[in-house]
Structure formats: C-alpha cells, structure tokens
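What follows is one chain in structure tokens, specifically the form predicted alone.
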Amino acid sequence: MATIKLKPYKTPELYLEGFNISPDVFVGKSPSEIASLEGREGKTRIELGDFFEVSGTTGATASDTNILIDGDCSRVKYIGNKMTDGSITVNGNADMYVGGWMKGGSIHVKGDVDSFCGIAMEGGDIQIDGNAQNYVGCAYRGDWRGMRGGTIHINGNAGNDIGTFMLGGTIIIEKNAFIHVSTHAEGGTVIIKGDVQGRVGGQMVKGDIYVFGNIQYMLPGFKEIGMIEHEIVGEKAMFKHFIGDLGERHPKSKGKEIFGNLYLRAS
C-alpha cells in the first residue's frame, strides 16, 4: 500500500475543515496536487499545503492508498469525510467529524477525538486509542439516520449521545460513557465495558446494548425478563436481560413484538 504523508507545520487560528483528506480524493495525485486541494478556515478558502507538508505517493486506487498524518490535528475537522476505501492514520488527536459518512476503509487515531466521530457512518472501521467526546455514531442533527454499518472502537471514555438514531453497525467503548446511549435506536449494537450514568436506551425500538459495568439510573421503560449468558467481544459473561423501551411502538414479526435488548452484566 502506498503512503502519502501529511505533516502539520502550522496550527489553524480557527478550525480547519479538512473535508478533502480522504484516500478517495488523494488517489492518483502528486504531493503538489494534494497540497493545492481546498480546505476552509472559517469562511476563508485555504489549501492543505498552507498547513501541511505533503510527501510520499498515492496508490492507483483508494484501497491502495494510506494517508499518514504525522502530528496533532486537534483543530482539523472532517478527516476521512465520506471515504469508501483505503486507510488513514493520525499520530495525534483529531477534531470533530472523524470518519463522518464513511462507507469503507479504516481510520486509526492514536489520540483523542472530539464530537461526532463516525456520524451517519455506513461501513468501515474507526479505532480511537484515546477518548471520544459526544455523539459517537449518531445521526446528523435534524436527521433520523444514524450509524448504519461498520465498527467504531473507542479505547477510552466517551461522552453523551452515543449511537443516537442508530440503525446498524457496532460501537465499542472500552471504558465509561455518560448519558443517552442508543436513543431512538432501530438497530445496531453498543457495547460499553465500563459504567454509564443513565438514560440508556431511551425511546429505543430495536438493537442491542451491553453494559459490563453499572448503570447508575435505569430508565423505567425497561423490564427485566431473565438472565442470559453471552460471549461478546471475546468475553463470556452472565447478563441481566431487559427489553424496552416499553413506552414506544414496536414492530412485529410473526405476531410477536420486537423490542430493544439491554444486557447488564450480573455482579
């Protein structure tokens, strides 16, 4: 796989919208052509070369192209925007909308990310070594189509509104999350290996939530129906099985209502 390297040498005064930082856009271009690609700093049109040194080569296709961003991108948004293949590695932090609307390929951020990571994602893989802020794998504001496919793996903590309007795919949080998990979900799986404060599964119609730690405040719309053993992300455990949100209308299959599932690891 060919690697094209972007090395930040200047910090944006505002926030840099790097919506062209994608293997799909970079493929077949020389370093100078990539440096001349458009970005935005506030209302100002900029070129990527105004903030990044560009070197290396791209592949003949997006799948053959790896983008290495060798430095901190805490003020760079939309990395991997709408990408369909290839890979991106960020040796540092990244700002909002990492992997937004992505359909394939992989992104690895070796630091933290801000909010809206994997927004409306349809496929591919995102791995974050650090923490994520709010709205992981959620829908765009005003839309009802959240994450539909792919995997988001956060190795640290996450904030609130995880998987809002989720339709498919998998979100894994290795540590803790705050509030609002799988709100309005109609599919998909959210796995939280640590604790959640509350509002888990509110207005959920379908999908699965696994919590390995504690839920401080359980919503009244969930009913415990028994115990079940599951092996999830390579770990086998007994879980209390809840269904809900019972305050919502639920679809039927062969005359039986389908509910969302909440699995809380038994102490």
Partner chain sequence: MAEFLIKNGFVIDPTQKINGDIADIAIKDDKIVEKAGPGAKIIDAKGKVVMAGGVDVHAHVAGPKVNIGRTMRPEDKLFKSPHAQENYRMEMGFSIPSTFKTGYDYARMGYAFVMEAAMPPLHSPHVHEEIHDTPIIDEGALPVFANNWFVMEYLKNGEIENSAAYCAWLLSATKGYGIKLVNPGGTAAWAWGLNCLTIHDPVPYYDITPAEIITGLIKTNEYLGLPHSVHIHQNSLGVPGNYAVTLESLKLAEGVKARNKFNRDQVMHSTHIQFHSYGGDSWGNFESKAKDVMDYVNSHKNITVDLGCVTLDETTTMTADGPFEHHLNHLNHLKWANTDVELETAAGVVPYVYDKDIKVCGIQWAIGLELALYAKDPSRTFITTDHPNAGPFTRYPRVIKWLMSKNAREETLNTFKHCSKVVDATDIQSIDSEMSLYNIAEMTRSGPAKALGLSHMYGGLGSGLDANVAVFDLNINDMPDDPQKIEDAFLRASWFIKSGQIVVKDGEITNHGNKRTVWVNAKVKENPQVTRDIHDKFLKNYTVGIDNYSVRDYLAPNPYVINVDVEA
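Keep in mind the model is a prediction, meaning the values are calculated, not measured. Positions refer to the first chain, counted from 1.
Here the subject shifts to the form predicted together with its partner chain, a form of this protein not shown in this document.
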* Asked: Since the chain is shown here on its own, which stretch among 187-195, 166-174, 139-147, 68-76 would lie within 4.5 Å of its partner chain in the model of the complex, judged by heavy atoms?
  -> 139-147
* Structure fact -> Answer key: of K206, H241, K29, R40, within 4.5 Å of its partner chain in the model of the complex (heavy atoms) is R40
* To do: State yes or no: in the model of the complex, is some non-hydrogen atom of R249 no more than 4.5 angstroms from a non-hydrogen atom of its partner chain?
  => yes
* K110 near its partner chain in the model of the complex, any heavy atom under 4.5 Å? -> no
